[in-house]
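Single chain ahead, written as structure tokens, the form predicted alone.
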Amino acid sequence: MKSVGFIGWRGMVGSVLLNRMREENDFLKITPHFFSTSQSGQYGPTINNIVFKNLKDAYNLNLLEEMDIIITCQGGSYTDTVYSKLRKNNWQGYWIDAASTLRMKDDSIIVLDPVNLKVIKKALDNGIKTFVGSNCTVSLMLMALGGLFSNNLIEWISVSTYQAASGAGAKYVIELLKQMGSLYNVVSQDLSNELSSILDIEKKISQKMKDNDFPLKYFSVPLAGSLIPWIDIDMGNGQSREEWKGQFETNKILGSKSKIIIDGTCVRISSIRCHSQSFLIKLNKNISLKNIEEIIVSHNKWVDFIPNNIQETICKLTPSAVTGTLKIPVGRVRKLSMGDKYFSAFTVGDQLLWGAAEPLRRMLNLLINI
């Protein structure tokens, strides 16, 4: 069995990855080794009732070079520090990475096998050994609309994303919860009094958001009771890096010969988990809504088409309905008044699963079966 080294397995994405591997009995197929950047020598996780002791040093190149496969959810700074050194030492193993650092390198492949298995297999045949997970919203979009992409029906997409706090990391989720608690505490007595004025409650909430003691260490601005219409760095043209990824990564994943135009606005919202996306799509030809539905649902078994009615939409097309599942619901599909080739769609997906951990897990399985 192949030796597989795990780095960053304690974080949000790493924890979800280990849970999925336990559920699918993946650890029975490999010889796992657990590394740590800060706690080498200490106890590791428990897998199949076996406690892994003596965590290995994640910066020890000699130990890393013994691995057939390394899978890391540690982040870009770790990849920057270790990856090039391993390759310079002529390490010939496979590297699987959740971070964005290597995504656009010519010798790496962005993996999402329900969408680009042919691209992955061709890369393996050509000796490529670096495989990287996609941006979370890109993965979720491609899982939802993969049928339209594979049938070359999309001319362009304008997208608005509504991204959960957990997409930024665990400390951001904790800060959001602290913000929620702070807002509740300032009006808790008013909420228990039926005679309280809602305008007075709102005034206290608004003032609390401006107070110096409001938790703003990571987000820097309020997210609870608000939103943040910017994610990641400025690309210099008014576009955020998160928005830039949509077109760039999609076309690399698909191996597109002709560029598909994708742009929009990425927004952080106070959802704990799961990213949502609203699409305005222009097709390159007029097809019926029925055909659109058939194409979407036939692409992969995880897509769940939600009829465009009130009850099913509010019950099935929300983060609370999807969190912790592999389902990719797609709804609000309708033709738009601007023309027959234009339609809207809305999708939700768990960004810690299909948006992060699951493509890595599935890529690992492809490699251990080689």
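Model, not experiment: these values are computed from the prediction. The first residue of the shown sequence is 1; numbering continues from there.
Quick note: we don't show the form predicted together with a small molecule, though the next part is all about it.
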Check for me whether the small molecule, as it appears in the predicted complex, comes within 4.5 angstroms of all of 136, 168 and 268 - heavy atoms only.
yes
In the predicted complex, segment of 87-95, 109-117, 196-204, 159-167 with a heavy atom within 4.5 Å of the small molecule
159-167
So which of 153, 260, 231, 183 gets a non-hydrogen atom within 4.5 Å of the small molecule in the predicted complex?
231
Do residue 351 and the small molecule share at least one heavy atom pair within 4.5 Å in the predicted complex?
yes
